[in-house]
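Just the one chain here, laid out as structure tokens, in the form predicted on its own.
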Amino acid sequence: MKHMKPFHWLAIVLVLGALTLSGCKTEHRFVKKTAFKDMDKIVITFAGPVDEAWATNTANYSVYEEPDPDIVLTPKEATLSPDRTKVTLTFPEALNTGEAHILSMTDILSEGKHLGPALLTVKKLYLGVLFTLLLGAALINNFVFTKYIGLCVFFGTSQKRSTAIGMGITFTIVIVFAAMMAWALYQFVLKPFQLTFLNIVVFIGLVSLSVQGVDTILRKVNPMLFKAFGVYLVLVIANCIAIAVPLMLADNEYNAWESLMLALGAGVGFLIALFLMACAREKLELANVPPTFKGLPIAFVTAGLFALAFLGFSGMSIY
């Protein structure tokens, strides 16, 4: 073990992390995998062939959402693949794939052998959930164009592309740092001691502390970067998104990975919004805009058009 090279350790850590995130373990030795398919199907993959009579009998299966065990869902059809290793359960109505489902099966029959009943958990691949949070916060539920949060800083720093990029990068760094601190404080202090009524006050303080921390670190570590970003750091405190993200983490009870993805997505989404708006406003400076609409009025009109475009992502399901 002591002769292992550093990249060997890195490979081991990555593999273990992937296994942890993917949740590849199942609760029955003969069941390899369970997964949602489309919006009304569940696919069960077995380690070997199962008896057709047992597999196609819908009475052998029952499903319910993990939070609502009293509402039992019965499949209307069960089909077996030609190699007899996959069963597809089709339900009469669309399933709520956002929640984990508990699948109960009676005594499994394989080649005439009884392998016992199974109680399985069906849920989305966790890496897919994380990717959905990241992309959802950046595009589908962009805080600026769909929730209209942080508009004061958005309009104030989107006049030039260089300013927009600087503000966007600075904000992303601060929001990730502040959100992770807020998650840790909420989970280990505020929630256990029933102090959640202090969420807003504490999170505002954390955002200010994060801004000050990033300011101090940049000042010492990279003075050039501090000069480039320093003017934008104070503006981050006035950005409503910086307080909205920690409140969402607490309200939805996200874990550390989910909190990181949401915060990173919010920062990237704000950067995208700033960059798009800055590109448009630079061109508007050369356009023949009526005097009444010059400046901030035409900026509001442009932002409204961007918001209409981003509403096209509404309801999109990534995973």
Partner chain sequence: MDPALVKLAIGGLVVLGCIGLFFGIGLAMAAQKFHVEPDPLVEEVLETLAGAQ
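Residue numbers count along the first chain shown, from 1. Everything quoted here is computed from the prediction, not taken from an experiment.
In what follows, reference is made to the form predicted in complex with the partner chain, a form of this protein that is not presented.
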{"property": "Interface residue in the predicted bound form among 225, 238, 165, 198, criterion: non-hydrogen atom within 4.5 angstroms of the partner chain", "result": "198"}
{"property": "127, 152, 217, 109 - the one with a heavy atom within 4.5 Å of the partner chain in the predicted bound form", "result": "217"}
{"property": "One stretch from 242-250, 99-107, 208-216, 137-145 that, in the predicted bound form, holds residues within 4.5 Å of the partner chain by heavy atom", "result": "208-216"}
{"property": "All of 280, 284 and 293 within 4.5 Å of the partner chain in the predicted bound form, heavy atom check", "result": "no"}
{"property": "Any non-hydrogen atom of residue 221 within 4.5 angstroms of the partner chain in the predicted bound form", "result": "yes"}
{"property": "In the predicted bound form, residue 202 touching the partner chain (heavy atom, 4.5 Å)", "result": "yes"}
{"property": "Contact flag, residue 189 vs the partner chain in the predicted bound form, heavy atom cut 4.5 Å", "result": "yes"}
{"property": "In the predicted bound form, residue 180 touching the partner chain (heavy atom, 4.5 Å)", "result": "no"}
